[in-house]
Ligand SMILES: Cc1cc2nc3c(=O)[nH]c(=O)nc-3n(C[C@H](O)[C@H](O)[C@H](O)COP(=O)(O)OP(=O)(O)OC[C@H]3O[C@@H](n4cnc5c(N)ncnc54)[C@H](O)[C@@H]3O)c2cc1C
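Before any questions on binding or motion, here is one chain by itself as structure tokens, the form predicted alone.
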Amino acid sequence: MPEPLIVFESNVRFVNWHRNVQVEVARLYDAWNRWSDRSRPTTRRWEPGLRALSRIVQHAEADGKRVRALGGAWSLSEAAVTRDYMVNTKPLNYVDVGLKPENVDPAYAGNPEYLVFTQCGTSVLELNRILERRGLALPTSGASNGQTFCGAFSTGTHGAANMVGSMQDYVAGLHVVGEGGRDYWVEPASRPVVSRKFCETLGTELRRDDRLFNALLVSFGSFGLIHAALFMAVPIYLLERHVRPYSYDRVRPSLSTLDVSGLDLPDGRGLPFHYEVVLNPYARRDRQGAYVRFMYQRPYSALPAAPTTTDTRVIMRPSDDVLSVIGAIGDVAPALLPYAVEELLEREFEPQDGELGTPAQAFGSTTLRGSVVSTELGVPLLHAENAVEAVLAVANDFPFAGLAAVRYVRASAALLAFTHHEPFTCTIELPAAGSQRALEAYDRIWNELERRNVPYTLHWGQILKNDPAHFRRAYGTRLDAWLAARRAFLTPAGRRTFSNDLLERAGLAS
């Protein structure tokens, strides 16, 4: 068998997309679907990339180094970071839509044509384009699409599709390269999907284990290097988008109930497919300072091209990813922050009423403006109003250049999903212009939540607490199950190889 192409740079400075994480990396590898002579295989196009990941793990072990996979560099935390060896996986973007009947387990009850095999470097943007051409779509995604699919679900990324869940919740199987460079196909024993023939084609070992699978889903590279994932797409649909301003007093009753009957929405009392409230923390409660963004899922029908393009329309606005616009505030004196936030929201959140688009058109590329940071809370639905009140109290006592975006998703089975709160998790994203003041505000918000006895988790891809006790409180027995699964899958040496500073600070490395 030919050797895979393996190249790396030494002593590279890594900077994430949001520019808040910067480290010196001993080696930054590029993994490609090419053999060492630069040729591409005509069949099994994924194989050189898989072999490259295996060799890189072996190199790291031989050198006594840690190794982490790098996707779109989208995370604001150090989830993907090590100072030893990092692997740029973005060239590994092979996608295969639909499994042949012989590659599907007889017990699988779904449609094999909706199963999608994607390598780890494929971006959400790439998947959207590929799926749309096949009449398919992602069940849900985040507001931005520059992330790799595997990087997004590995940190628990979600949207606001309240009946769908987060991105990891439609993943059906994972192909992971573990210690020694050995690779495994992992899927739940309770929901088998692929056949033995499928695993023989990959040349991998099949592991069917619910606990291992649910631990791997949100593990940010801590079990090994994920080579590929299998997920369940859905038939393409349209999203009907609306943006409306309200007073905080008017939307407040919906926060812990999801009862939207008082908002006079187009479909009445029915909860929209996507329901989100963006709050100006400094607005008077009886004045417009809450922007409700909601989308209804509609049956697909072909749409005409937008007048200014030749191929498609985009119904996303820059503000759909609140993190993308908050940096525009820049360095503003605390006394002026309420006015700066108000002006930004009035400019970015223009009313919209019923524009239609596909999921790919609804969630487009993100361009950042200035330095930004963000943390994101996950709280049980019944605690949502109290949590929002905690955020508003801190913001008014200690103004910072930020806002709050409140969304809802179905609880996740992934052990370390920050959206695990039953039956729905209310997520509260707190994007802010990058500054030490914003980080201090996050500390104050976390403390205020604890003072109010509001249980909360934190998005693994955003700013986290440096407190192992928090993670113990936040996950309880789920954390024990995650640690047990990792210890059963990896030896102590393997756990060190796939660890990093974040895991150590969170008490998850051993």
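Not measured: the values here are computed from a predicted model. Note that residue numbering follows the sequence shown and begins at 1.
The same protein also has a form predicted together with this ligand, omitted here; what follows describes it.
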In the model of the complex, residue 486 touching this ligand (heavy atom, 4.5 Å): no
Residue 289: touches this ligand in the model of the complex, heavy atom cutoff 4.5 angstroms: no
Residue contact check: residue 147 to this ligand in the model of the complex, 4.5 Å heavy atom: yes
Residue 341 within 4.5 Å of this ligand in the model of the complex, heavy atoms: no
Contact test, all of 156, 224 and 462, partner this ligand in the model of the complex, heavy atom 4.5 Å: yes
In the model of the complex, the one of 72, 178, 431, 359 near this ligand [non-hydrogen atom within 4.5 angstroms]: 72
Interface residue in the model of the complex among 79, 404, 438, 137, criterion: non-hydrogen atom within 4.5 angstroms of this ligand: 79
Stretch from 235-243, 184-192, 138-146, 97-105 whose residues place a heavy atom within 4.5 Å of this ligand in the model of the complex: 138-146
Residues from 1-25 in contact with this ligand (non-hydrogen atom within 4.5 Å) in the model of the complex: 17, 18
